[in-house]
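This document opens with one chain alone, in structure tokens, the form predicted on its own.
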């Protein structure tokens, strides 16, 4: 594909890095020094210019592009860039990154509005990512497949976890759960029955949502909240608002702290099940008076990475079991998680993964990325001419690379636990864990 990416920020760079090996990529950036940086760092063509101007897009070859991705930090710039590209080349698929959900609502009302074929909303995706993690104790990442009938989650095994020092065979006591990977010291390993689970390991499991939830409560009993988890959200930003709204949809009644008077009033009007408190969230007296330390989870969504780190550290000091922070600068995520934040969520990383997920899905119906791009979890429908159709899994695995794990199957909307003698049939949806290096080989076979 000939792909034009407008904007060489963290999102644009991340997508370009993922696409550079298999596609002809052109990046348009209005800062000359930044364009030069990308030229040296990646195997892409860079053009210095304004991505909303006709002559710049023509220079980038938009008229011959299969896809145009507008990924700058400015919503209006991305919308105008996509509209202009569409005017130049109506058959080109356009994707715009936006933050404000008002544009998303307009686009959803009239799909294709603004000349945009796919609109991805950073704030909404980030909130959804946070809420998926909030619902699973000790989870660092989570995603769903097969219309919600299959869940994938990545957990960190704590020092006091009941499965520390057990083998995978000993820890595998859940009816519909598959251990897909162990991540140890940055290396991804496919688990065997005698693989030993150590404190600090991260494990990727695939199974029914109930089994994944049960697994989460088993490995982190101290972090497992009661049915009615108490969640405190700091900051009434768009992300904070959507986190509360999505928690309300799950039947929870979160507490939200917002310092701005007018914003707090607006949020109180739009979040009927949320207790909105108007205060400075760094005021220790306020946090103690409101018993924030009794919360199961604190989510900090302020507009500053440093403030979010401070909030999480204060919360842990007050006794909050688990903290989640929005971290704008992706490079801070590992650092913040090292010094005390349990889960860091980068909006730029979330939206970059979503766009890459779409551009790379190929024959897969859904894709989730593990450890950025070290491995992938794919959902694929087995076709009648698939090399695996009609084979038992134990026979099919002989045709697949060693670093592949079949984690779940759904057949006629029913969850099937994959076992060695399970026969794969045309029409089955399989959820497989695959190391990135062999993704193309595996998808060709499936």
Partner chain sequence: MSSIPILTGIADRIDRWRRRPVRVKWRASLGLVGSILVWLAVPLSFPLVLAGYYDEPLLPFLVTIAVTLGVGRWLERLSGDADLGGREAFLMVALAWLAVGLIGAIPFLVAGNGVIAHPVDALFESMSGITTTGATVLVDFSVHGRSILMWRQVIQWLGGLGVLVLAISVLSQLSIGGTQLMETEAQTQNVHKLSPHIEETARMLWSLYSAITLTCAGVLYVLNLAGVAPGMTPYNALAHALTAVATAGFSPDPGSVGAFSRAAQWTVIPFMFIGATNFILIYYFVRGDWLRPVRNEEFRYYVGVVVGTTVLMALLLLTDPSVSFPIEAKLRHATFQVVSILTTTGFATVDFNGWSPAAKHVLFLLMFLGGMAGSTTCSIKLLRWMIVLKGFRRDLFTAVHTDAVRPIRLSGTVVEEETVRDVYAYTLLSVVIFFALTAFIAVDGARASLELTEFEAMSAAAATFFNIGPAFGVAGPFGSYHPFSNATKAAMIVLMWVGRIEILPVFVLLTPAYWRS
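Residue numbers count along the first chain shown, from 1. Everything quoted here is computed from the prediction, not taken from an experiment.
Another form, the form predicted in complex with its partner chain, is not on view; read the next lines as being about it.
- In the model of the complex, its partner chain lies farther than 4.5 Å from every heavy atom of residue 159.
- Its partner chain is not drawn, but in the model of the complex it has no heavy atom within 4.5 Å of residue 318.
- Put simply, residue 264 is close to its partner chain in the model of the complex: some heavy atom of it is within 4.5 Å.
- Its partner chain is not drawn, but in the model of the complex it has a heavy atom within 4.5 Å of residue 272.
- Annotated contact segment (heavy atom within 4.5 Å of its partner chain in the model of the complex): 274-282, selected among 298-306, 202-210, 274-282, 82-90.
- Proximity to its partner chain in the model of the complex, defined as a heavy atom within 4.5 Å, holds among 238, 117, 230, 290 only for 290.
- Note on contacts: among 333, 268, 314, 124, the single residue with a heavy atom within 4.5 Å of its partner chain in the model of the complex is 268.
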